[in-house]
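Presented below, as structure tokens, is a lone chain in the form predicted on its own.
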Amino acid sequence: MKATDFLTIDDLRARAKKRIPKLAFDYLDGGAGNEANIARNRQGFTDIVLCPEYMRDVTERNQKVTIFGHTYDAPIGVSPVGLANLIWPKVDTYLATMARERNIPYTLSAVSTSSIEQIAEIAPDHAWFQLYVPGQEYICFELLKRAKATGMNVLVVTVDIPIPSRRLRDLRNDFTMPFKMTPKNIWDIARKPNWALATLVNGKPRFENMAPYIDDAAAGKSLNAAQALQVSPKLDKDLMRRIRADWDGPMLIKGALSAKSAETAKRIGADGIIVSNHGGRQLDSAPSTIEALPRVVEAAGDGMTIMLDSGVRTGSDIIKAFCLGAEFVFSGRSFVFGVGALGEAGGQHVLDMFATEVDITLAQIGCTTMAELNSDYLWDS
């Protein structure tokens, strides 16, 4: 099958589901509780209607966006995805390479299956670092030291995991790392020969960044390590201020959904916020990010850069977010679905789809640049 046979992210998701073992696919695709928040993210975008304006010259259109002094060629970047190389081997390096070649940001998860040093070498000017703050505080500052040493400039601090969430798909699958080799799992992996061969060649995934600190991470017992290394119920304002003081470049807070959280982020000295509900993976009754966005924008005021992720699947989603005040947008699952469906070329295809849909939508609503977008382009119902 050709990449052009896949016209939507849902098309790619369906193809990826056929190529990836169920335990790994469900780990990526699933959410917290009854997964209502995943559905709410999509419904939130669907409920917003754009207002087209015609009789305008839209011959020349440009979707470049400048963030923290870097002008990117598209208004979307890659969100952090932990344990990505489990979903498809070399996802991290494929997407980091794509980000460098296509001039968009790639956000490396602290619990990625590729190291800070490896990704910084691949995409030195495009790699951002996403930090989870583990209960063992010293690990946090060790990771910051390593990220700074590689020249990574933008820090993304995820704040929405005080304790592990309850993800029912993983519980029903009895998901562990390494996989339990039950007859059911053996049969499932045998029916996914491309994944099995690629995993055999590249080796079992482990949390490369955490291996120096946690024996389980070094041994590849990734699920247990992940839960321990992503969670801190003690992540308060004082700790955030110390992280801020330790990082020289732009620092973003990822996971803020309310006006109060936005105000706190501003007080601790953050340069911006990524409005996010972790892709619906933490709290099934949380608001969609697109409905939370205007509150965060208003509370943050001038001087903070506001971005968004969670639920973004089309170019029109990106346009809607910009109309409501976002200055950049990210997606994680979309790009990983692309690699799961098409291999190395999948990330490029996803970005092509987003860029094409953004361009078409700009023309259809009578707009020529991302900077022009505002609430005037939303249908007032």
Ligand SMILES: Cc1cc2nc3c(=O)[nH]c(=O)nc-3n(C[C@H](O)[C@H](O)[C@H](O)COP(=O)(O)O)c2cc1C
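Numbers follow the displayed sequence, beginning with 1. Bear in mind the structure is a predicted one, so any value in this text is a computation, not a measurement.
Keep in mind the form predicted together with this ligand is missing from the figure; the text below concerns it.
- A residue is said to contact a partner when one of its heavy atoms sits within 4.5 Å of a partner heavy atom; residue 40 fails this definition for this ligand in the predicted complex, lying far away.
- Proximity of residue 281 to this ligand in the predicted complex: non-hydrogen atoms within 4.5 Å are present.
- The closest heavy atom approach of residue 350 to this ligand in the predicted complex falls outside 4.5 Å.
- In the predicted complex, no heavy atom of residue 320 sits within 4.5 Å of this ligand.
- Contact with this ligand in the predicted complex, defined as any heavy atom within 4.5 Å, is confined among 197-205, 307-315, 113-121, 243-251 to 307-315.
- Just one of 210, 292, 81, 147 comes within 4.5 Å of this ligand in the predicted complex, counting any heavy atom, and that one is 81.
- Of the listed positions (87, 155, 104, 133), a single one reaches within 4.5 angstroms of this ligand by any non-hydrogen atom in the predicted complex, namely 87.
- Taking this ligand as positioned in the predicted complex, the residues of 317-351 that bring a heavy atom within 4.5 Å of it are, in sequence order, 331, 332, 333.
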